[in-house]
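One chain comes next, on its own, written as structure tokens: the form predicted alone.
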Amino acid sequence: MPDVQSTVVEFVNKLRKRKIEGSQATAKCTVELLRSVISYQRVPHANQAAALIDAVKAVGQQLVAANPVELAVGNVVRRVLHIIREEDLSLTTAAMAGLDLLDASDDDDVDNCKGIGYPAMSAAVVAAAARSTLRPPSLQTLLEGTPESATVPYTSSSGADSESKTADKSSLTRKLKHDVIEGVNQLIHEIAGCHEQIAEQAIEHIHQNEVILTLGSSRTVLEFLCAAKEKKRSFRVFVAEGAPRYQGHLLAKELVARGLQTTVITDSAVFAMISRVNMVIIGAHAVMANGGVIGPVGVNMAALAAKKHAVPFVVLAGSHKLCPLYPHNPEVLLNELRSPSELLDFGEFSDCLDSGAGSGSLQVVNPTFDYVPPNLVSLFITDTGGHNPSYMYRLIADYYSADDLVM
């Protein structure tokens, strides 16, 4: 796979240099890369799923090592591994039951895999449709997005028997790859549409004349608030500025451009303003298996203020942000330190910065993220609906296999 390998190296370099920011963008690029790896991977006649799993794991290990703090990369790799295991189990079960497996197209090209209709839905698509039924009917029609190929066309039983008996092993290999790529395409569609799926639920959680507090800059939060505004909800938003990067300024500017009443406050004013707030809504960098949240720095302070004043603390997170690991796992990197230049001007403080020569020098610590324990979270809103923190482990179990937690 010379072309794919060069693409992997290029993407690894982008992750190391932090050229891709944001969990959604990182997850989307990762799953598209893994789709290419699966498409061009040569699969033996025996142990086909094992060959695909080994190839995905080999690439996944490189991606995770390139930027360990971007947990969405590992989440997507594990999701793809779970899809492979689901499809292999589905085909194995069908073979053991004596069911006919119709040959797929001989073309392994990724683009041709999109839109191909099969006699029955793949296991990954069925699982995605089943997860969508967790959503209340008022938010989404049940089984929304189920392809038309769900209807099984009539075929001659004698012809199917003869074809299945004469089909060679390579046809089963192509069937597995096509079903896996179909499931990966479904995952790409899920990641791309997570903002819209979450925003559809805004009308149920934001009410008239409320005051909402948020911190940092999150596209998910932006779309969520704007969706409530489009439904004729009138409310005010307090935005903590999120020093030292001041991402809250960017969010405030977007909110004002969309016509929302917005007030920017300092991070230190969160406790002072929380008594006027009806709800705290934040976006997450990652959601851990215990229901804990990794978010922008300062978010734990907002969570403590909300708990103190009995204000609901709501976290918005797409399913690609659900991490099957716990904060205490050694392979989890919860934080990273950014450049001290965001806090201090080197020119003004050059005489007192730490030079390693002796005591009395100035040190600068600039963490990127904060951790919020599950007991401070009131509700998670994902693209499958609203969930309590205690339910997150069950939701995560639907997305990942226990065999893939440690890569």
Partner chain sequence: MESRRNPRAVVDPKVRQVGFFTSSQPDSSSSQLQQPDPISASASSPPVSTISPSGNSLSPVMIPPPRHNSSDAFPLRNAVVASAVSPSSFSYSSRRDFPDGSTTASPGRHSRGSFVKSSVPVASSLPGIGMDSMAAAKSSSVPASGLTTVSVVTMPPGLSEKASGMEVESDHKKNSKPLKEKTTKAERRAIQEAQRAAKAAAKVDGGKGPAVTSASVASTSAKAARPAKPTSQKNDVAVAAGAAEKKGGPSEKDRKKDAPHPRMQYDDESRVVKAKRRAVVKQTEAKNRVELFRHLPQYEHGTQLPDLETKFFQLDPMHPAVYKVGLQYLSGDISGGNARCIAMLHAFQEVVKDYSTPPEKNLNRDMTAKISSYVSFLIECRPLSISMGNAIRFVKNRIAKLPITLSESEAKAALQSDIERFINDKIIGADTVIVKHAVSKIRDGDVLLTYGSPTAVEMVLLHAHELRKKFRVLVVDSRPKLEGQLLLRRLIKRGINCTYTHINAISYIMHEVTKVFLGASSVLSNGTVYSRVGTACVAMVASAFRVPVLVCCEAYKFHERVQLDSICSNELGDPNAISKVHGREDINYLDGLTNNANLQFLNLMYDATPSDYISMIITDYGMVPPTSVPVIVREYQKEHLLV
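Residue numbers count along the first chain shown, from 1. Note that this is a predicted model, so its numbers are computed, not measured.
Another form, the form predicted together with the partner chain, is not on view; read the next lines as being about it.
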item	value
Contact assignment for the partner chain in the predicted bound form, among Ala227, Leu81, Ile294, Ala305, heavy atom within 4.5 Å	Ala305
The single option of Cys29, Leu362, Val69, Ala51 touching the partner chain in the predicted bound form, heavy atom within 4.5 Å	Leu362
Contact flag, Asn278 vs the partner chain in the predicted bound form, heavy atom cut 4.5 Å	no
Non-hydrogen atom contact Pro44 with the partner chain in the predicted bound form at 4.5 angstroms	no
Asp267: touches the partner chain in the predicted bound form, heavy atom cutoff 4.5 angstroms	yes
Partner proximity in the predicted bound form: Met301 to the partner chain, non-hydrogen atom cutoff 4.5 Å	yes
Proximity to the partner chain in the predicted bound form (heavy atom, within 4.5 Å), stretch among 178-186, 194-202, 315-323, 251-259	251-259
Sense of CA distance change between Leu33 and Val332 in the predicted bound form, threshold 3 Å	farther
Shift in CA distance, Val332 and Val299, in the predicted bound form relative to the form shown here, given it is 3 Å or more	closer
